[in-house]
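Before any questions on binding or motion, here is one chain by itself as structure tokens, the form predicted on its own.
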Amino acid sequence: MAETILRVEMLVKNFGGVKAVRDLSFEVSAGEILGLIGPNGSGKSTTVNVLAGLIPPTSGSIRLGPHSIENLPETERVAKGLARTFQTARVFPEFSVRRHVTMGCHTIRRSNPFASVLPLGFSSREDAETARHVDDVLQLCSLAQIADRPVGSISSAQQRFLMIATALASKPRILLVDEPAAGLVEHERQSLAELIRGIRQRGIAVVIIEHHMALIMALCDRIVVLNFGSKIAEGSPAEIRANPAVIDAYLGEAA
């Protein structure tokens, strides 16, 4: 059986009297693609923000491999192998694409974390290793041909792929991807699916939040469904598609 990369147990997040996440438990294995879905307001983004360390949990445990990370800051979680992207593109438009991806390597560098993105006037074996790693990530994310262009000049779809590339630069064991298909047209969604499968082939687990159900059903090995902060279903895409509780949750939203 594949190694468990992420284990979430009885996770709770309250905002005052609002229970955004309620006793949520699930696991993610190495190389697995797990979908996290649910109607608007079901707690999906809150869950990812808690997992990534952007906001603290009210209670519960989060384990990344052998490490308990629920009390660690976001940067330390990245250093231990958990990276994430955001719903909207958060980029530095004046950077080149290559420099932007290189910036994501700062948690894995043993020397000055900004040595490869600032003109400090020296090179090292680590600089060369970082450059090779960045080239590999650019190739994986179909950004190699535009590596030297300013980020502000590339398309919104390419900026979404750039966010994934920058997260991958930290050499994560698990990647949290928040609504990566938002605003993409069909051929761009197909490219996104190919990229996520390519990430999985490298043994990296992926947790994906997405409203585009056709993409989720075609891409994920397992799906966890939230409604009002609670898990109402978990299983394969076929099991989720036929689950009455899931159907009711989405029909209720549509109504």
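The shown structure was predicted, so the numbers you read here are calculated from the model rather than taken from an experiment. Quick note: we count residues from 1 along the sequence shown, nothing fancier.
The following text describes the form predicted together with adenosine-5'-diphosphate, which does not appear among the structures shown.
Looking at residue 203, you'd find every heavy atom of it more than 4.5 angstroms from adenosine-5'-diphosphate in the predicted bound form. Proximity of residue 240 to adenosine-5'-diphosphate in the predicted bound form falls outside the 4.5 Å heavy atom cutoff. In the predicted bound form, adenosine-5'-diphosphate lies farther than 4.5 Å from every heavy atom of residue 10. adenosine-5'-diphosphate in the predicted bound form is not approached by residue 56, whose heavy atoms all lie more than 4.5 angstroms from it.
Contact with adenosine-5'-diphosphate in the predicted bound form, defined as a heavy atom within 4.5 Å, holds for exactly one of 31, 39, 60, 65, namely 39. Stretch-level contact check against adenosine-5'-diphosphate in the predicted bound form with heavy atoms at 4.5 Å: of 182-190, 215-223, 66-74, 42-50, the positive one is 42-50. Using a 4.5 Å cut-off on any heavy atom, the residues of 3-31 that reach adenosine-5'-diphosphate in the predicted bound form are, in sequence order, 15, 18, 20.
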